[in-house]
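Read the single chain below, which is given as C-alpha cells and is the form predicted on its own.
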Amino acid sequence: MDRGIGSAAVEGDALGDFRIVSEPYFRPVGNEVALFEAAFASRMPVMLKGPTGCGKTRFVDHMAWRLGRPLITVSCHEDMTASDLVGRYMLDADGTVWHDGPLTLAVRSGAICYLDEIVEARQDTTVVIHSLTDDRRILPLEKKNEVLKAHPDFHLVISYNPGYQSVLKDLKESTKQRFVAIAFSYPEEAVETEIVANEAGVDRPLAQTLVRIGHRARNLKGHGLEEGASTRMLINAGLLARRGIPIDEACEVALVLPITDDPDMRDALKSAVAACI
C-alpha cells in the first residue's frame, strides 16, 4: 500500500523544522543578495562558488529567512545515491511505504533545496537534478512511476569549492550551464573584521588581529598549504579567546593544527601568528 506524502501534509506538518524563524547574521560584501532575489523571482537555479568557510551556507540560511521559504539542506558525499535524494520504498508494519527524499520533499512543498558541496556526490547521482533545472521543472520518480511537477516556489541551490576541482571531482558542463553562479571569496579586511567581531563576540582590535593572521595564512596557500585560514576558523579562534584562552593558543588549536600536519608549515603559521600579536 502506497501512503506517499501529499503536498498539503508536507506544507502543513512536515516543514516546521526547516523554517528559519530568526534572522541569521549575514554581512553582504557585494550584490549577492539582489542577485539571489532576482534568480529566485525567475526560478533560476543558483550555484555558489567559493572557498570553504567563506559564508556560502550562512548566505543560503539568510536568503531562506529573507524570502520566507523553508530550507532543506543536503550535505553531499561520495556514497550518496539518487534514492537518498529522491526517496525510496520502505517496509513498515502496514506494508510498503514510499518515503520522500529531501529533494522530493522540497519539490513538493516549495522549499529551497540546498545541495552543499555537490561535487562530493557521484555524477550519476547529480543528474537527477537536470529535469528540475530547465523549463520543465519536473522530477521523475521512476520507482513510483510518477512525474512530479515542482511547486511554484521550489528553488534549487548548489555550492562547491572550485579550489578542489579535479578531473575526478568536478561538475559536468551539462550541469554547470543550467545554473547562474554567484562567486564568494574571503572579504576585505575591514568587512572581515566586522564579521569576526560580530560572530565571535570580541572587540574590534582582537578581531582585527585575527583577520591579519588569517591574511598571512592565506598567503601560504600554494606554498605548502592547500587552503588558507577561513573566516570560520578566525571566528572559532575568537570564540576561544573570548573564553579566556590566550590568543596564540587559540590560534594554534583553531587555525594551525586543523589546517596542516606538516611540521614546517606549522612553524611557519605559528610565526605568522606571533608576528601579528
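Sequential numbering from 1, following the sequence displayed. This structure is a prediction, so every number in the text was calculated from the model and none was measured.
Missing here is the form predicted in complex with adenosine-5'-diphosphate (ADP); even so, the following discussion is about that form.
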field: The unique member of L156, L71, V128, I195 whose heavy atoms fall within 4.5 Å of adenosine-5'-diphosphate (ADP) in the model of the complex
entry: I195
query: Considering adenosine-5'-diphosphate (ADP) in the model of the complex, which of R58, K221, R242, R43 comes within 4.5 Å of it through any heavy atom?
result: R58
message: So, V29 and adenosine-5'-diphosphate (ADP): in the model of the complex, are they within 4.5 Å at any heavy atom pair?
response: yes
message: Taking adenosine-5'-diphosphate (ADP) as it sits in the model of the complex, is M47 near enough to touch it, meaning that at least one heavy atom pair lies within 4.5 angstroms?
response: no
query: Quick one: is I247 in contact with adenosine-5'-diphosphate (ADP) in the model of the complex, heavy atoms, 4.5 Å cut-off?
result: no
query: With a 4.5 Å heavy atom cut-off, would you call E199 a contact of adenosine-5'-diphosphate (ADP) in the model of the complex?
result: yes
- prompt: Heavy atoms within 4.5 Å of adenosine-5'-diphosphate (ADP) in the model of the complex: which stretch among 34-42, 213-221, 48-56, 248-256?
  reply: 48-56
- request: Using the arrangement in the model of the complex, list in sequence order the residues of 219-235 with any heavy atom within 4.5 angstroms of adenosine-5'-diphosphate (ADP).
  value: T231, R232, I235
